[in-house]
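Read the single chain below, which is given as C-alpha cells and is the form predicted alone.
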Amino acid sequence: MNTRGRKQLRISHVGLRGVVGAGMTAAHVLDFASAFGTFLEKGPVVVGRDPRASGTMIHEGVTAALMACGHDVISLGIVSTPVIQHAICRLDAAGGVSIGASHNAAEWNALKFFGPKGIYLSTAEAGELLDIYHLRKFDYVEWNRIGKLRTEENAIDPYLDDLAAVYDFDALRRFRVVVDCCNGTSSLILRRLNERFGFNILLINEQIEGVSFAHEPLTDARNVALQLAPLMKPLCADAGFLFDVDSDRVAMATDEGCPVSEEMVLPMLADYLLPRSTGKLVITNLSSTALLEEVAAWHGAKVIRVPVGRQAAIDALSSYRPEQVAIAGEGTGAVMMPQFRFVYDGIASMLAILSMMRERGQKLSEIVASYPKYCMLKGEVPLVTQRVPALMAELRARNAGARINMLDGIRVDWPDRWLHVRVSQTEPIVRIICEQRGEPPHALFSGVMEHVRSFV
C-alpha cells in the first residue's frame, strides 16, 4: 500500500496503527501498552504477534509496559489473532494484545486489544483506554511487584482442538484444498492441521516473511486471481482460500479457478448457519453486500446494520443475547460465529465453507453460482478532514429522494442499488462503495467518485 502523502499514524478507538518509524514509534507502543496495563483488572495478559519485521521490537515494548504495570505476560510468539483470542479464554487471562497490521503492507504494524472474554473492546472500553493513554496516568508498580514473563511454545494445538470439537475433521480431510498463506500465520496453523489430522491442504507463499510479502495481504478477488486461482484446475483442487497475514480474513477461489469476491464469504456462511441456529439475527456493517438481506429473508432472519469497525460489531453483539445471533461479520472476509464466541477467524470460516460443500454434496463453484448476482465497486480519495461535513451534507441533499442512513458517513439506498461514503478508521482516506443487483454500477460509482474528488 502506498503511504506517500498520507498521515502514517492512526490513534483511535480501533487502537494504534501506523508505519513503523515514520509514524508509529517505540514511545507510542510503550504508552499505549502502559495504558492497557492500567486499564485491565489484575491477571496475566496474553501477547502474540504476526511475522512483520517490526514485530520483535514492538513485542518487547508491549511486554515491558505490561510487566511494569504488574501483569504477568504469556508470550505466544508468532501466532494469529484468533489463536490469541482462544488462549485468553483458555488461560483465564485478564486480556490480550495482538501485534500485527492484518491486511496492511509490511511497513505497517498495529496493536489490537482484547478483554478477558477474548473479544475486542467495546466502544466504551476503547474510549476509556484512549482516555488513559492521552492523560498518561499509568499505574506502574514498585520493583518487587513487576510482572513475570513466560512463553507458551504451542498455542496452536489447543486452538485446533477447539475447531475439531465443532467440525468433522474426518469428513473434511477428503477435500483437496490449495491455500495462499501470503507469508503469514495461516501457514503455521495449516501445516499443523495437515500433520495432526491428515488434511490434504497444499500451501503456497507459506514461508514466514517479515519484510516482503508475496503480494499485498488483502483478501480480495484481485489477489486471489494473482496466484491462487490459476492453480486450481492444474492441482485438481476442490477449493482454494487466501488469508491475510493475520488469518482472521479469508477469500476464495472455486474448483473452476474463478476468484470469488470476499463479499461472498459472509452471505454464504449465513446461508449455511441460519438453518442450524436458534438465532435469526445477522450483524454486519453498512458497507457489506445487500445479498445478505436476500439470504436472511430465505431463512426468516433479519440483518442488523452497524457502522464500519469492529467496536461497532462488538457493541451490537452485546445488545443481544448470544443465542439470538446466528452470525456476524464484514464484507472483507472477516466472519464471527457463535460456536467460537464471536471471534473473527478465517481458518474457522474455511472449515465452515468445506462443511457446507460436504453437507450439500456440491462443488464450491455450484454453491457460488446459486446466489443472485451483485456487483460492487470500491474506491478511495485522500482525506481532507475539514471538508468532510460539507461533503456529507451535499450528498444528502443530492439524494433526498432515496433512503438515507447517516450512522457512519452516508449510505444511500434505492431498490436495486446503494452507495456508501465514509471516513476510514484505519487510514486517512474517504472510502466510496457502490453496489447494484445485476451489472456493475459504473455510472453511479463514477458520479460519486467525481463528486467526492471535487471536495478534495
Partner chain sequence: MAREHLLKIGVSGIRGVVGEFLTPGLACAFAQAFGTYVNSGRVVVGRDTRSSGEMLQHAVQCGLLAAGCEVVDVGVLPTPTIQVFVASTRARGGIAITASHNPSEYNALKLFNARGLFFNHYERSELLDLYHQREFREATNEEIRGIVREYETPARLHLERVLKHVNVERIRARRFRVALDGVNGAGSVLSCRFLRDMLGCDLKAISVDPTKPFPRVAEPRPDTVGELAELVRREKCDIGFAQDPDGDRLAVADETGRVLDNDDVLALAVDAALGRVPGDVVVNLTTSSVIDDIAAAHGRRVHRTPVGEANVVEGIESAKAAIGGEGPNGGIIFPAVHLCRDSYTGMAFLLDRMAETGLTASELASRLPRYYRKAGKLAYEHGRLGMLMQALEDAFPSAELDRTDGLKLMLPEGWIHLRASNTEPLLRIAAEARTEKGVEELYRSALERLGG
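This structure is a prediction, so every number in the text was calculated from the model and none was measured. Positions refer to the first chain, counted from 1.
The following text describes the form predicted in complex with its partner chain, which does not appear among the structures shown.
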Open item on the list: Tell me which stretch of 302-310, 362-370, 104-112, 187-195 has a heavy atom within 4.5 angstroms of its partner chain in the model of the complex.
Closed with: 104-112
Task: Complete contact of G21, L30 and T63 with its partner chain in the model of the complex (any heavy atom, 4.5 Å) - done: yes
TODO: Using the partner position in the model of the complex, report whether R411 sits within 4.5 Å of its partner chain, counting heavy atoms only.
DONE: no
Open item on the list: With a cut-off of 4.5 Å between heavy atoms, is G257 one of the residues that contacts its partner chain in the model of the complex?
Closed with: no
Open item on the list: Would you classify Y140 as touching its partner chain in the model of the complex, given a 4.5 Å non-hydrogen atom cut-off?
Closed with: yes
Open item on the list: in the model of the complex, is there a heavy atom of its partner chain that lies within 4.5 Å of any heavy atom of K148, even though the partner is absent here?
Closed with: yes
Task: A26, I404, L407, A393 - the one with a heavy atom within 4.5 Å of its partner chain in the model of the complex - done: A26
TODO: Sequence order please: the residues of 201-233 with a heavy atom within 4.5 Å of its partner chain in the model of the complex.
DONE: G210, V211
